[in-house]
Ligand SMILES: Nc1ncnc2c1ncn2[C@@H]1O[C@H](COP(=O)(O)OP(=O)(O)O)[C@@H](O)[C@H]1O
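Here's a solo chain for you in structure tokens, the form predicted alone.
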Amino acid sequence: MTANDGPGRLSSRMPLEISSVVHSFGDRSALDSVSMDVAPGVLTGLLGPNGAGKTTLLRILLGVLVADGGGLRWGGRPIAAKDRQGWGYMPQERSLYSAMPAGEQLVYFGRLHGLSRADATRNTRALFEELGLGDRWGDRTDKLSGGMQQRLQLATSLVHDPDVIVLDEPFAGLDPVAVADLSDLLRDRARAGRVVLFSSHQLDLVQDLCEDIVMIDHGRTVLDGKVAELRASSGGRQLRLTVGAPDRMWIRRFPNVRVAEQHVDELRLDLPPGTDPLEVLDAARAAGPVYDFGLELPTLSQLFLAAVEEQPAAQVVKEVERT
């Protein structure tokens, strides 16, 4: 299998458009006029805490649910059932056959997408190597670790080399090595011109992966745009300090400086305009050893917290940091 464009793959250059989608479950509003554009060749993240409406939106996009209002278009026209049949979708819940050998299972999913046995087998072997499953071909799925099952579930959404890839919480339960491998894989697919959309509640985990994002909370959009531009335009700067002294009294010398995060040995301080970061650093060094420091832009979690007003901050922190 190859992620490169070839003859007949012009459809992979078509954008996905979600316009003012609304949906309710009884009296509860799950989505309130959510819009986003997913450009080919760009990694787009649908972000927000658990229960924000991410899965509902993806299920509407895939045709599992029908929106109460709004529009869905691909390449400038309404999405049809035959379009969705060729897409790749990874659900949040695993949908694998537990007793089936891993390699045989992936070949089976390839056949369901219309591949010949030879093509499905070739694509499966390539994905097994790419995802670190090379020696698990004959292993029963229920004998694989949770992380390996997650990789296999991802492979089922890619085995037919789809133009549109939609992943619901693909990083859940993965260790750092697996997260890095998956990130590289998604970058490769995006560079090949595919439409790649994934959801996550682990905002800072995917901060360096997403190029475009839409953040939703309680079914409403709270932030959207390019990650770099959102962080740079926030107007905030943070001084990160790794310190060796527990005394934090020196911070009181700067009444306008706010402690954004505080851990045993690390501080993140919000610096208002006009504050000299070197002066703050000198005060920290005078109080004890400083092992590392850096001037940084706000994280996605912090931007989200700043954008949300209705939900109690403590609850938001708990949800966005849940793994």
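From 1 onward, residues are counted along the sequence shown. Everything quoted here is computed from the prediction, not taken from an experiment.
The same protein also exists as the form predicted together with the ligand; that form is not shown, yet it is the one meant from here on.
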Would you point out which of 23-31, 263-271, 282-290, 66-74 contains residues with a non-hydrogen atom within 4.5 Å of the ligand in the predicted bound form?
23-31
Pick from G294, P277, G41, G51: which residue has any heavy atom within 4.5 angstroms of the ligand in the predicted bound form?
G51
Contact of S233 with the ligand in the predicted bound form (heavy atom, 4.5 Å):
no
Non-hydrogen atom contact S145 with the ligand in the predicted bound form at 4.5 angstroms:
no
Can you tell me whether Q85 touches the ligand? I mean in the predicted bound form, with a 4.5 angstroms heavy atom cut-off.
no
Please determine whether T242 contacts the ligand in the predicted bound form, using a 4.5 Å cut-off between heavy atoms.
no
Stretch 71-95: residues contacting the ligand in the predicted bound form, 4.5 Å heavy atom cut-off:
Q92
